[in-house]
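In structure tokens, one chain follows: the form predicted on its own.
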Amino acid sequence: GSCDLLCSQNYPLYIRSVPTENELKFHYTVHTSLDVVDEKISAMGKALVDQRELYLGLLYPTEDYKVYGYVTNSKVKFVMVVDSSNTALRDNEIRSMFRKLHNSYTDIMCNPFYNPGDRIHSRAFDTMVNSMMMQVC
């Protein structure tokens, strides 16, 4: 699987792929999903402004993977790619993983030494993402 955070301009703030040999395929999948994310955001329109966070749900399934999306109120996009063969994973579990990701991202944003827009280099964030990836993969 893959876990990616992209800023509002769509450049990556954080990328983690497991297994790493499929990293390029995951990057491609994530970038192709951004059009779907933008479509869903524009379709939501004003509703997005009213909500504090937005779980976009399943963006699209492929033969090998399922791609899920989440957007914060500051338009930071979280994209998760999970193996299609993992049928035990429920929608509410994905939603709660995105909430954990969002909370950890908020902690990073609150760090006075973090410059918003820079790539995320945080051991605590890595640990949280790795434990989440173990559940998914």
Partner chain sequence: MSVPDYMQCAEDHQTLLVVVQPVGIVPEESFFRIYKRISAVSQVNVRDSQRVLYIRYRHHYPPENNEWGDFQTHRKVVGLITITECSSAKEWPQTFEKFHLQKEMYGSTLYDSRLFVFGLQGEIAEQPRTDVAFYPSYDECETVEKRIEDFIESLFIVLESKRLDRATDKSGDKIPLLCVPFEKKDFVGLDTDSRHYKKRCQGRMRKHVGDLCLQAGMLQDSLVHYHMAVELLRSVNDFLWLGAALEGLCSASVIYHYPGGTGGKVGSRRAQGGSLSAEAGNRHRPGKDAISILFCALTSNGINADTSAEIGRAKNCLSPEDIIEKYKEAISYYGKYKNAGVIELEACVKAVRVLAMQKRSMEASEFLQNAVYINLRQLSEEEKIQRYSILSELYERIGFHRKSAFFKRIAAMQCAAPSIPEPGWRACYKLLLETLPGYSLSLDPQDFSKGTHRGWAAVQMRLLHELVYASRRMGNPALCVRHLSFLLQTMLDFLSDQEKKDVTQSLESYTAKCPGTMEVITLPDGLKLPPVPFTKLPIVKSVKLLNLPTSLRPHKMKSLLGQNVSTKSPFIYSPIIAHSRGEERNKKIDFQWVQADVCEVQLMVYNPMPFELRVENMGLLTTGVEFESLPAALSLPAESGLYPVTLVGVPQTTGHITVNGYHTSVFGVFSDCLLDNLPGVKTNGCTVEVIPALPRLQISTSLPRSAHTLQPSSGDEISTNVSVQLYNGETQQLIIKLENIGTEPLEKLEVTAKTVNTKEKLYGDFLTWNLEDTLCQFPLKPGKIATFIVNIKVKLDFSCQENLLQDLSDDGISVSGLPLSSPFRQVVKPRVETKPLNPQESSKVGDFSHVKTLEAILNFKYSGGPGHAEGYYRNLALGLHVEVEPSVFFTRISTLPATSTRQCHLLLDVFNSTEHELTISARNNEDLILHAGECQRMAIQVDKFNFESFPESPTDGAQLANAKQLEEERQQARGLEINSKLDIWEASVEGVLNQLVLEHLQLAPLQWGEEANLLKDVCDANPVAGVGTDLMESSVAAACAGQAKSWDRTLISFDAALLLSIAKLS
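Residue numbers count along the first chain shown, from 1. Note that the coordinates shown come from a computational prediction; the quantities given were computed from them, not determined experimentally.
Absent from the display: the form predicted together with the partner chain. The rest refers to it.
Listed residues Leu34, Val76, Ile108, Leu89 were compared with the partner chain in the model of the complex; Leu34 is the one with a heavy atom within 4.5 Å.
Annotation: in the model of the complex, residues Asn10, Val30 and Asp38 each come within 4.5 Å of the partner chain through at least one heavy atom.
You can rule out all but one of 22-30, 68-76, 81-89, 100-108: in the model of the complex, only 22-30 has residues with a heavy atom within 4.5 Å of the partner chain. In the model of the complex, the partner chain lies farther than 4.5 Å from every heavy atom of Gly57.
Proximity of Ile15 to the partner chain in the model of the complex: non-hydrogen atoms within 4.5 Å are present.
Residue contact check for Ser96: none of its heavy atoms lie within 4.5 Å of the partner chain in the model of the complex.
Shown without its partner, the chain has Tyr60, Pro61, Thr62, Glu63 in segment 60-82 as residues with a non-hydrogen atom within 4.5 angstroms of the partner chain in the model of the complex.
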